[in-house]
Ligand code: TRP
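In structure tokens, one chain follows: the form predicted alone.
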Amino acid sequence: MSDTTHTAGSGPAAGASGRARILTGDTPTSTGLHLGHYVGSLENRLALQGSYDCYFLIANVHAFTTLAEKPAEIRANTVGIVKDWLAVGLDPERSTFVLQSEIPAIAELTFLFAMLLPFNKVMRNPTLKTEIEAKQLGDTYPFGFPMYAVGQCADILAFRPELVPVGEDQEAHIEMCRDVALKFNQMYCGVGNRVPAEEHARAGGLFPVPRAKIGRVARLPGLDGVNKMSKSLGNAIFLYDDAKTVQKKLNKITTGRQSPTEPGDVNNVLMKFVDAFIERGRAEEIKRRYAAGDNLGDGHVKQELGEAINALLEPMRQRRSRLEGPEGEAMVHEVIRRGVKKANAVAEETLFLAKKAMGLDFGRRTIG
């Protein structure tokens, strides 16, 4: 049924190749992925897909926590994320694309894991608090909004990965996931409370206690220089933006600097983009001249930055252009179908083993 063969005490789940597994993903709450996603997680996914058993999840159910009244938008954004992944270079022949809504085991595990997390602990999750403030939700958010923090634990643990490549802002969710794995293993698998997290699977726990892998740039600021780059805050450069749009957006960055001979702050938003997207040696030279007021204006830096970012994005734009139209849509749907079949085999295996550990194994179902 599954490409895993995990029993209590057998160690972490692994794919048929014997490679360790990773799980990460994106929520289709807006059109397209942006540069913050790229340096925060997508770069890591590209680097890891050759040496790990990779599962990449489109969290389309989680998108309903803030867009429940816009199902058509969520559906379109779901297809858009798959196109972005393919355009970036994620390979469905080497990695599994997982559509959350088609994996019923995730919903069941969410309910079971909710029993292991105190309500107050969920509500103290700093990522939740930040999103409530940034999206100005006040106290109007649905019950499902905090519930998605528990759902993320199920998204991850359904596939029993060792590693979760994420941006810095998602690290709190991984800590909650680790708490769930630790508590489940201790409560239902007999793992002692003094066993180190990295030894849980080998000590008989069902779940490896996953670790976060933060991207090369932990937190890319948005073009406004105030908030992180975000789809919903209008401060992002998207991976599909054309060259003129990229340059136009960069030109809107403000630093408060008045003259090329005025010493500049090397910690401002413009310099953070230089660090992220310009080759290291050249970036250091730019920052040295910028700090010294060595006749290097913001406009010149933005132009050079635009050239570097567009060089990065152009191959992605070309690949994405081949995914437009009916043939591209058909390709996306086929990638999703293949991924769902493989993902359900793994997730159902995990659910069965979890229910067995909890004394709930009264039958085993098969998902087609």
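Note that the structure is a prediction, hence the values are computed from the model and not measured. Note that residue numbering begins at 1 and tracks the sequence as displayed.
The following text describes the form predicted together with tryptophan, which does not appear among the structures shown.
By the 4.5 Å heavy atom rule, the three marked residues 23, 156 and 164 all count as contacting tryptophan in the predicted complex. Looking at 330-338, 314-322, 301-309, 58-66, the stretch with residues near tryptophan in the predicted complex, meaning non-hydrogen atoms within 4.5 angstroms, turns out to be 58-66.
At the 4.5 Å threshold, heavy atoms of residue 290 stay clear of tryptophan in the predicted complex, well away from it. Tryptophan in the predicted complex is approached by residue 170, whose closest heavy atom lies within 4.5 angstroms of it.
Not displayed here, tryptophan is kept clear of residue 85 by more than 4.5 Å at the level of heavy atoms in the predicted complex. Interface membership of residue 185, defined by any non-hydrogen atom within 4.5 Å of tryptophan in the predicted complex, is ruled out. Taking tryptophan as positioned in the predicted complex, the residues of 139-155 that bring a heavy atom within 4.5 Å of it are, in sequence order, 148, 152, 155.
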